[in-house]
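This document opens with one chain alone, in structure tokens, the form predicted on its own.
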Amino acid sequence: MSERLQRWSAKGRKIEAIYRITLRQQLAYKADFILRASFLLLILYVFIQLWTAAYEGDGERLIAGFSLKQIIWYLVFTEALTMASPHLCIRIEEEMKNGDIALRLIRPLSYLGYHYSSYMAEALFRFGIHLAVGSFIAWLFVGPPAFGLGWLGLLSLSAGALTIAFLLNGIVALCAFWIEETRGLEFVLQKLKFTVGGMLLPIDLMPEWLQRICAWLPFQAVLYIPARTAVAYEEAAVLQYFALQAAWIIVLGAGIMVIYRKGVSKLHVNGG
């Protein structure tokens, strides 16, 4: 085995270990999961009542091309993706404050690589749980999902969506190198995903001028694109969505690397 293959194999074992440890940590907090699932059920129940009233109980009626069933399942997918994201800002902020970042930086895996592996392991696990819980209540009120290839589109685009979510949260979290307290910025980021990201309602229902603005922002790639693909699958659009997600991953990935290097450089100066 060449030296390069040995290095990649070693990195793969480290990432596997991070995934295994993260999943064990998640399984240790069962009460937390029950509370999250209960909250998700409550939120979706409220949304179902609101949208049923908006559609006047008519399951055949279309609003901006969406039926009541499509809207409810769209909300299930956006909520599952939203609640899947771990609180990266809190973790990195605490590492800055208590000095744990010094230990992270000398470990045999890059700082961002470690957090990305841990983030994705937890996010994928949470996404599966919340998707199952949300599907239960949606199935109960509007019937089973018959989205065909939409499921494949949802699952394949969700990996890119969670990666973009990590990069957005990571950029905000790394601001802790300069300001330490980043929860205010995280609050703003969350609200942008809730609104112009399409969590509360599909972007198709927004005014045309706002849709044009949303098209230039990365937030739609996190929530709107996977959820819309699931409920209204279009083969041609899926290829465009993959390209859009890839473009944002490159842009945001370059951004987080620049911020990280500048931040570490500053941390080295202060520690010297």
Partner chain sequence: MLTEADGRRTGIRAWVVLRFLCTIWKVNLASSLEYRISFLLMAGMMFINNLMWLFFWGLFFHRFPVINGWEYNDIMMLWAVSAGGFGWANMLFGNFHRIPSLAATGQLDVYLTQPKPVLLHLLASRMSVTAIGDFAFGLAVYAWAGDLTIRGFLLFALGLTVSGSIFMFLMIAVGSLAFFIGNAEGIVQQAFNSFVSLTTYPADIFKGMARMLLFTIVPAGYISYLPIGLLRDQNPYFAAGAAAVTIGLGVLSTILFYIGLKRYASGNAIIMRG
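Positions refer to the first chain, counted from 1. This one's a predicted model, so the numbers in the text were calculated from it and none came from an experiment.
One more form of this protein exists, namely the form predicted in complex with its partner chain; it is left out here, but the text below deals with it.
Proximity to its partner chain in the model of the complex holds for all of I43, K191 and P207, with the criterion being a heavy atom within 4.5 Å. Contact check for G184: a non-hydrogen atom falls within 4.5 Å of its partner chain in the model of the complex. Though the partner is left out of this view, L201 does reach within 4.5 Å of its partner chain in the model of the complex, counting heavy atoms only.
Y241 falls outside the set of residues with a heavy atom inside 4.5 Å of its partner chain in the model of the complex. Taking the partner from elsewhere, F47 is found to have a heavy atom lying within 4.5 Å of its partner chain in the model of the complex. Of the candidate stretches 231-239, 22-30, 35-43, 218-226, only 35-43 contains residues with a heavy atom within 4.5 Å of its partner chain in the model of the complex. No residues of 103-125 lie near its partner chain in the model of the complex, the criterion being any heavy atom within 4.5 Å.
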